[in-house]
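Single chain ahead, by itself, as structure tokens, in the form predicted on its own.
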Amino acid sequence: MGKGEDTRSKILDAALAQASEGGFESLTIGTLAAHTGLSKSGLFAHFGSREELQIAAIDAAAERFADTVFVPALKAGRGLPRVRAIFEHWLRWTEDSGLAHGCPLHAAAIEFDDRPGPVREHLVARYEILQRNLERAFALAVDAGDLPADSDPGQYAFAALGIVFAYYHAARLLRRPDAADRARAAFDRLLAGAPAPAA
């Protein structure tokens, strides 16, 4: 990378760390200048506005997520081995990426879910890519005969996302030490096709 690209990469690393801890609303040119030691004018040279910075940080988070979750999972065989690899990498992705305060994409989804504008639109586009990739993994599991032929990959993907979001809630907000174990148990039931236990 050239000097400018290297500086931009360092800024985005700092932005992701800050978004992980304080959400995307905490991202401003001023706060990042303080965290990176760069001048505000130097940051404006890379990001002309706060909105542009937030969008770039969402892109950086999505790319890091893909590199940490989906790329390693490709080493697993098609079908349920790959689906399970995606899930396991997903549970650990923030720790593996050095984002000690949780998933910045999940934080952004909560912040921007009902706030129209370019940042929300960009975030939605990224989540739609995630949804398609997840559905594709389940479709391959159907093709491989690991799931029933009449399975709906979209429904499996929907349920898997629900399990991950429940895991975030239990692990981050409630600080439940059994959050990962419960998420894995729920995922195992999903793949086995077993009905959820009665309340």
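Since this is a predicted model, take the numbers as computed values, not measurements. Quick note: we count residues from 1 along the sequence shown, nothing fancier.
Keep in mind that the form predicted in complex with a further copy of the same chain is not shown, yet the notes after this line are about it.
*Asks:* Partner absent here, but in the model of the complex, which of 66 to 74, 36 to 44, 52 to 60, 155 to 163 has residues with a heavy atom within 4.5 Å of a further copy of the same chain?
*Replies:* After filtering at 4.5 Å, what remains is 155 to 163.
*Asks:* Do all of 80, 82 and 92 end up near a further copy of the same chain in the model of the complex, with near meaning a heavy atom within 4.5 Å?
*Replies:* No, because 80, 82 and 92 lack any heavy atom that approaches a further copy of the same chain to within 4.5 Å in the model of the complex.
*Asks:* Please tell me whether any heavy atom belonging to residue 140 falls inside 4.5 Å of a heavy atom of a further copy of the same chain, as the geometry stands in the model of the complex.
*Replies:* No, residue 140 is distant from the partner.
*Asks:* Is there a non-hydrogen atom of residue 86 within 4.5 angstroms of a non-hydrogen atom of a further copy of the same chain in the model of the complex?
*Replies:* No, residue 86 sits far enough from a further copy of the same chain in the model of the complex that none of its heavy atoms falls within 4.5 Å.
*Asks:* Give a yes or no for residue 170: in the model of the complex, does one of its heavy atoms lie within 4.5 Å of a heavy atom belonging to a further copy of the same chain?
*Replies:* Residue 170 belongs to the contact set for a further copy of the same chain.
*Asks:* Using a 4.5 Å heavy atom cut-off, state whether residue 4 contacts a further copy of the same chain in the model of the complex.
*Replies:* No, residue 4 is distant from the partner.
*Asks:* Scan 131 to 152 and note down the residues that get a heavy atom within 4.5 Å of a further copy of the same chain in the model of the complex; none is a fine answer too.
*Replies:* If the 4.5 Å heavy-atom criterion is applied to a further copy of the same chain in the model of the complex, 131 to 152 yields 131, 148, 150, 151, 152.
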